[in-house]
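In structure tokens, one chain follows: the form predicted alone.
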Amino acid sequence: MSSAEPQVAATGVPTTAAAEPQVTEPQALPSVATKHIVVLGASYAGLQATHHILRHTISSLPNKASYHVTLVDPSTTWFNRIAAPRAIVSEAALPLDKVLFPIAEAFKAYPKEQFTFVQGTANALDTTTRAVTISKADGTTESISYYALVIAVGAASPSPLLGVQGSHEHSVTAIKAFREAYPNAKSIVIAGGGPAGVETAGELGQALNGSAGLFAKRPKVIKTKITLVTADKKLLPVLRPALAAKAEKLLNRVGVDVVYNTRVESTLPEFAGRIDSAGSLDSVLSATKFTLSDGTVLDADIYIPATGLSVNTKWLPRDLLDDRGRVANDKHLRVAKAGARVYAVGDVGAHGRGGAFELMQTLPVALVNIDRDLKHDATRESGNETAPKGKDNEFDNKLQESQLVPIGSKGVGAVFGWKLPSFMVWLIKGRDYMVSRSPGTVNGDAQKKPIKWTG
């Protein structure tokens, strides 16, 4: 975290930083380590890249002891963001220990001489000196030189209920407070017609209003008025109109109304639903007055902004970003303008539109090319800067319709253009929001086998 960001007290409630951090010299690596691989972000992509590099890439290189991997993240704990819409409902619906996992614990099997975890936030990158500046949780700032760099800082949700912002403690505090407050709310407004907004509305509607009878369109009794506001003309932009229309019907069945072609222009208080500029969580659950783009004024006991993810790239040089603010990587997932052996993986990259299905296609591309680049550099003759022999792995950016969206006990979705029935969406994702896969994501079981490329 930078000096302008809140520090976290023992209670988990952010407080304002007291002093300007001191800058230290570049990190002192183990004496045998001459090639430092830095992974920025313990996102899904960052975790998988780190495990694969440690387990497979380094083990296949000559002079293995000369490599050291450092993973940097603002939080000590990984939060399964996909499961947040259900986790906010109650401990019974989804216990927090099913969505929160200590990061350092997941890497304890690797030698200390080979791996370091740093709690901190990247705030500057110098591609000339090949160094990244980290604002650490203890208030100091450190410059870390890198031989290879993986940018996997991901994207942030505007609400701490739906994703980690800085330390995971912010989200834990907000979720526990929300669980206590929302059953007494008379009105809830959710902004955003993407998966996070639709799933959150569906989970809360089911919990508060129940579901309509067999032939009914709405529950007989509406305990809490829930309104989902979207600036688009339909829900779920990735999915076809017929599935979007079905999503609205399923939301109606749990007492959720949808307002289209309308955006939230302003809120009172200003930081409603979010952590405010002073680092306080007070606004997350505050009663809110909204002004919508059509001039309508709404009041709600609780407001949840789910209007999309913002990529964490403001600290990067502008020439490394595209016009959306994403890292300008190529179809090989390399960031050519940043120099040799620099990669961007996950939602932070400009290679596609983001999302879980795309990540499953792009992550192997990055891992294969990282492996190829490091092996080539380890064996090439001095002064020979030619590319590795053979063909790079490439991401074929064909935007096929792929998204699964649970809505209460049902859902809508498609995989690679094939529409799935509602019960399949529930079976694959809605049953437990895939938390059964979380341990393998964090501890590296998903990377037990090396990614092979025969191109």
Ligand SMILES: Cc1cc2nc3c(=O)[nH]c(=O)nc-3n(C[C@H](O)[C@H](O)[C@H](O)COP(=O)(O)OP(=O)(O)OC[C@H]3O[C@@H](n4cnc5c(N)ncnc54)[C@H](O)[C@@H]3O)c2cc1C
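In this text, residue numbers run from 1 along the sequence as written. No experiment lies behind these values; they were computed from the predicted model shown.
Only in words, not in the display: the form predicted in complex with the ligand, which the text now covers.
Novice: Find out whether any non-hydrogen atom of K429 is located within 4.5 angstroms of the ligand in the predicted complex, and reply yes or no.
Specialist: Yes.
Novice: At 4.5 Å between heavy atoms, is G120 in contact with the ligand in the predicted complex?
Specialist: G120 belongs to the contact set for the ligand.
Novice: Would T288 show up as a contact with the ligand in the predicted complex if we use heavy atoms at 4.5 Å?
Specialist: No - in the predicted complex, heavy atoms of T288 and the ligand never come within 4.5 Å of each other.
Novice: Verify the contact flag for K234: yes if a non-hydrogen atom of it lies within 4.5 Å of a non-hydrogen atom of the ligand in the predicted complex, no if not.
Specialist: No, K234 is distant from the partner.
Novice: In the predicted complex, does each residue in the set S43, E199 and A356 place a non-hydrogen atom within 4.5 angstroms of the ligand?
Specialist: Every residue of the spot touches the ligand in the predicted complex.
Novice: Looking at 106-114, 367-375, 265-273, 341-349, which one sits within 4.5 Å of the ligand in the predicted complex if you count heavy atoms only?
Specialist: Among the candidates, contact is made by 341-349.
Novice: State the residue from L100, I188, A155, V258 whose non-hydrogen atoms include one within 4.5 Å of the ligand in the predicted complex.
Specialist: Checked against the cut-off, the match is A155.
Novice: What is the one choice in N209, S283, T173, N312 with a heavy atom within 4.5 Å of the ligand in the predicted complex?
Specialist: When the ligand is considered in the predicted complex, the option within 4.5 Å is N312.
Novice: At 4.5 Å, heavy atom to heavy atom, what parts of 60-82 sit next to the ligand in the predicted complex? List them in sequence order, or say none.
Specialist: Sequence-ordered list: V72, D73, P74, R81, I82.
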